Structure formats: structure tokens, C-alpha cells
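In the form predicted on its own, a lone chain appears below as C-alpha cells.
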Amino acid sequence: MTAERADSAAWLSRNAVDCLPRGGLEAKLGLARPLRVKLGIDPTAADIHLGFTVVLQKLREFQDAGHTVVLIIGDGTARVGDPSGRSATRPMLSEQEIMRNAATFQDQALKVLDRERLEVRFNGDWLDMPMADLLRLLATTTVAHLIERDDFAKRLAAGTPVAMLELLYPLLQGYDSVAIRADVELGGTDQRFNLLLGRDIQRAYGQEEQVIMTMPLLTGTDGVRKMSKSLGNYIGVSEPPDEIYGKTLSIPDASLQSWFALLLGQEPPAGLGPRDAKRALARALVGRFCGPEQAQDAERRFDLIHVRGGLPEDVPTVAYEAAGSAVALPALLGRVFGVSTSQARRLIAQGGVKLDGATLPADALELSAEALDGHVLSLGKRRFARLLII
């Protein structure tokens, strides 16, 4: 039985950066019950992107081994904002924004996780605590310990303010582990400080400390920085198949090794050059989140548009009511593609808007209704609409 536990611990931790304390996971697996494996996600944006799925896939491995995943939606901690990896204080979100984002998270997480072994909790349920309970939590650590973390130390050295709310964040995240009695907590490598502090807080509350496991951070489509919605280098798991496929093909060749390893758990196919390896990766990702048929269709549409220079076969028709004989393009782009007027002007100036495949001039802010009616307007490489001017 000891050998079996050791093998299971080695398998579950095989691609983690940290699994602490040493031997801790094997000891936890010796408990005569399923483990409670925690992940906290703050709903600071509406989408779960591929970077999140690196940790979600590890959680699924725990589920497949018979354990329970506790997914904590941080409606309470999101009001504070996680300072991890930040060089400035995060803007505070409204309660409406937080709850709107949280509403999408569970469904997106279920693209990876098993519903049967999933427990979803909102940490606002316990973080809206009486003053006496908050003071007890604050007494579990010191300011000196909190400002040891690299993010805070760098900002203080540079004379950049650190808000009291940010000092509070790691304690609130740690208290989540107390509230749900976590056995294991997962996160990215940027969460190491927070996860370790959770152990300290559990000990202060008389609980057995959790094992912490950190997973590598997936670089974004730029190949440089970690994938982040705020950096615009992300691929959302609920994006349309054509977006997932096309964005995947845009990653640098140097990212192939890590993307295959972190997202598919395998090496790039032997004997394939970067172009074909990216296509294989794109098919696999679209197939996972949208279905195998959608993957084939996305590849076919990509080839039709970008390889053979054609237009999609199923371009949606969008009606637009013109106020006169001339149509303002920024307003039209806003109506058809949901971009702001300033974004539309910038995209036109950058050559990102085409009509029937021909790039519009940088100063083309207005066209006649006749020139637009029945023609295909495209924004970027993958967004198309056939116009019906009324």
C-alpha cells in the first residue's frame, strides 16, 4: 500500500514545479477518505483562458483518482484584488462586475472538470465576517512576513505604494483553506507565497496544513509574458472555434514545446515542422473545447481564407440602417463587430478592415451605402459579415 501511495503521489505531482512539503502528498493519500483539493479563482474577467486550464487539468487528474475538487469562486477576494505579479494596485471591481463574471466561470471550468466530483463555493459566504473574526485572522501573521514576498518588496524598493487591502489578500485566500478544510491547494507558480501562507493560517486555526502544488505558467500568444486577459495575449476556452484555431497558429515556434507539454501532456509530434505542429495543436485544442467536427471545420475555413485567399462559406448577414447615402465606418464596425468607435478608427488606420478582401485606406472613415450593401466586411483575420444596408 505504501508503494501504491508513492506511485500515485509521483504521478499526480509529475509535472508540478512545487509539491510541498516533501512527502506531504504521499502522507495525505494515506488518509482513509477522498482528499479535498482546492483551487481559488477570482472572477476579475469573464473568460477562463488556456492558462487556467493547466491547473484545471491537474485538478481533473485528482478527480479521476477519486478525490473531490473544491472550486472557490472568489467573489469576496475579487473585491480586494490579487497582488501577485502586479507592479501596481489592481482597480477595484464593482459587485455587479464580479457577479457577472462569476456567472460564466462554473460552466467554463466544466469543460475540463468532472461535475460529479466538483464542489463549487463562493468565498463571500465566509469572508463577510464579524470584526472579532477578522481580528483573529489578522493576528495569524505579521506585516514583516507579508512584505517579504517578492511583489511587495520590489514595489516598496521602487517607492510604489502597497495598499492595505493588498496586504490583506493573502490572508483572505489562506482563510479559504480553513473554511473548506483543504487537504491540497493548487495554483500557478506566482501563487506560491499565498499557498504557503494558507498552511500557516490553517495551523493557527488548529487544522492540519494543506499540501501545496504549483504548476508552470503558460506563456501567452506573444511567447513572452504569461497568458493574461489584461495583456491581450490569451485564448479563451469559450471563444469561437475559428478564434482558438487562428490564435494558436499565431504563437511563436519557441512556444510549441511548452504548449504541447502543458496543454496536451505530450511532446510535439515527431517529424513535423513548426507549421504542421501548430496545426496539430490547434486541432487538438479546438477539438477539446468545441468538438472534433468543429476542429475540422475551423481548419478548413482557415485554409480557405488564409491559404487560398477566399471568403468563408457561411458569412453571417448583418442588417444596418443607414441615416443617409453615406455610412460612417466606425459606427458600422461598432454595430457589426461590437468594437468601440476609437477601436474602430485605430483598426482602420492600421489596415485591419477589409471590404471583399481588399484593405480599406487608412483614411476611409466613410463610404457610400451603395458601396457597402451586399458586400463582405472583415475585421482582422477571422471576423466577417455580409452587409445589408437598409
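All residue numbers refer to positions in the sequence shown, first residue = 1. Basically, rigid core = biggest C-alpha set you can superpose within 1.5 Å across the two forms. Fair warning: this is a prediction, and the values are worked out from it, not measured in the lab.
One more form of this protein, predicted in complex with the RNA, exists but is not displayed; see below.
A.B. asks: Check, residue by residue, if His145, Arg203 and Ser228 all come within 4.5 Å of the RNA in the predicted complex, counting heavy atoms only.
C.D. replies: No, none of His145, Arg203 and Ser228 comes within 4.5 Å of the RNA in the predicted complex.
A.B. asks: Just one of Ala9, Ala16, Leu379, Leu20 has a heavy atom within 4.5 angstroms of the RNA in the predicted complex, so which one?
C.D. replies: Going through each option in turn, the one that passes is Leu379.
A.B. asks: Of the options Arg149, Arg199, Lys278, Arg121, which one has a non-hydrogen atom that comes within 4.5 Å of the RNA in the predicted complex?
C.D. replies: Going through each option in turn, the one that passes is Lys278.
A.B. asks: In the predicted complex, does Pro268 come within 4.5 Å of the RNA, counting heavy atoms only?
C.D. replies: Outside the cut-off, so no.
A.B. asks: Test of understanding: in the predicted complex, would Gly159 fall inside 4.5 Å of the RNA by heavy atoms?
C.D. replies: Yes, contact at 4.5 Å.
A.B. asks: Considering only heavy atoms, tell me if Gly291 and the RNA come within 4.5 Å of each other in the predicted complex.
C.D. replies: Result no; Gly291 lies far from the RNA in the predicted complex.
A.B. asks: Give a yes/no on whether Arg335 approaches the RNA to within 4.5 Å in the predicted complex, heavy atoms considered.
C.D. replies: The answer is no: Arg335 has no heavy atom within 4.5 Å of the RNA.
A.B. asks: Just to confirm the contact call: exactly one of 343-351, 26-34, 49-57, 62-70 touches the RNA in the predicted complex at a 4.5 Å heavy atom cutoff, so which is it?
C.D. replies: Contact criterion met by 343-351 only.
A.B. asks: Any residue of 249-278 with a heavy atom within 4.5 Å of the RNA in the predicted complex counts; write them all down in order.
C.D. replies: Contacting residues: Leu249, Ser250, Ile251, Pro252, Asp253, Pro274, Arg275, Lys278.
A.B. asks: Rigid core fitted, then: does Pro34 show a CA shift of 2 angstroms or greater between this form and the one not shown?
C.D. replies: After core superposition, the C-alpha of Pro34 moves less than 2 Å between this form and the one not shown.
A.B. asks: Using the rigid core as the reference frame, would you say Gly66 shifts its C-alpha by 2 Å or more between this form and the one not shown?
C.D. replies: It does not, since the Gly66 C-alpha is displaced less than 2 Å between this form and the one not shown after the core fit.
A.B. asks: Fitting the rigid core first, would the Cα of Leu20 be found 2 Å or more away between this form and the one not shown?
C.D. replies: No: Leu20 shifts by under 2 Å between this form and the one not shown.
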